[in-house]
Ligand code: NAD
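Just one chain follows, in the form predicted on its own, and it is written as structure tokens.
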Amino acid sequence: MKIAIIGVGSVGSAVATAVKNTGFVHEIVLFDRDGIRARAAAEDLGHAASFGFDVKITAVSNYRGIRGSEIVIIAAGANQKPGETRTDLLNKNVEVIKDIVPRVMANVDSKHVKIIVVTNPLDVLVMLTQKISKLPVGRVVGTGTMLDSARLRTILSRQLSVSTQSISANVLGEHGDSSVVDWASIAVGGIKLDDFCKQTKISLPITTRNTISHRVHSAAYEIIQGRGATWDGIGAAVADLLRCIINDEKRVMTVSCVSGAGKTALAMSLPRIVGREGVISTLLPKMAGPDAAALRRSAKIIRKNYDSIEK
């Protein structure tokens, strides 16, 4: 399979590395307007590939070079700086998407291509990408709260002294400050969280849960403050999503895609079954009252931000 990655900054480069390491693609095309940067990234990654999977890695600065790509990953755009929110990037990255998507669509097979959106603010840009590309909604997929959910599982793992692999826990809604931890659906080894805590005599009161939610929300800001940007986590999330699509795994993932039509159309993260054709179906969890209300508020924020770019 041939894939293209649009934008080879810190995030795009991390995505390329993680995707290469899956062994599921035979060719990766790196596109960047800065041809020198793209060629340098392709050379470096090509050298790394000699120690692992045999992957052809090329660099292009013309969209014709992405022809034949079955999946296009959009990682271009401004990244969060210390003190910025994802929403602060809105106007900058709307223009980036408006420039990129028509050029991508002119050079791919619209009957089969899937687009994975990584650029923030993610949910709004998923909606914009789907509108411009005119692709079926299930074939424009944002990484959504995959990384947020991974952060939640990591924090719970440390709190509960159990492997992250044994924890099922989702963050839903906006990939942003209004995201919501779905406490009602959390399970450890198939056992509901409250029952697990009773059996293991672990205390997890509401104050601790609120602290955990806050830590999930603040994780990206802390990493950006100390490192300048986040890239390893999102690179791994994209590789996992790509693996699920290529292998037609039909796994449930908290990705973002458009649901509804017209003024009710909205992209946000919900549990969704993902396979070869992208998002196959959406699941609606039964949430506790306050969390359900918070999810509705999150949806309103996404819709308001989207409406602001449509004026």
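For every residue, the number given is its place in the sequence shown, counted from 1. Predicted model, so just to flag it, every value in this text is computed and none were measured.
Separately, the form predicted together with this ligand exists; it is not shown, and the next lines address it.
*At 4.5 angstroms, heavy atoms only, are S213, R272 and A294 all close to this ligand in the predicted complex?*
No, the whole trio is out of contact, none within 4.5 Å by any heavy atom.
*Would you kindly say which of N93, Q130, S179, T87 lies with a heavy atom within 4.5 Å of this ligand in the predicted complex?*
Selected option: N93.
_At 4.5 Å between heavy atoms, only one of the stretches 155-163, 120-128, 203-211, 133-141 reaches this ligand in the predicted complex; which one is it?_
In short, 120-128.
*Check whether V108 has any heavy atom within 4.5 Å of a heavy atom of this ligand in the predicted complex, and answer yes or no.*
Judged by the heavy-atom cut-off of 4.5 Å, V108 is well away from this ligand in the predicted complex.
*Contact between C197 and this ligand in the predicted complex at 4.5 Å, heavy atoms?*
No, no contact at 4.5 Å.
_At 4.5 Å between heavy atoms, is T22 in contact with this ligand in the predicted complex?_
Although this ligand is absent here, T22 would stay clear of it in the predicted complex, with no heavy atoms inside 4.5 Å.
*Within a 4.5 Å heavy atom cut-off, is E27 in contact with this ligand in the predicted complex?*
E27 lies outside the contact set for this ligand.
*asked:* Pick out the residues of 1-36 whose heavy atoms come within 4.5 Å of this ligand in the predicted complex.
replied: I6, G7, V8, G9, S10, V11, G12, F31, D32, R33, D34, in sequence order.
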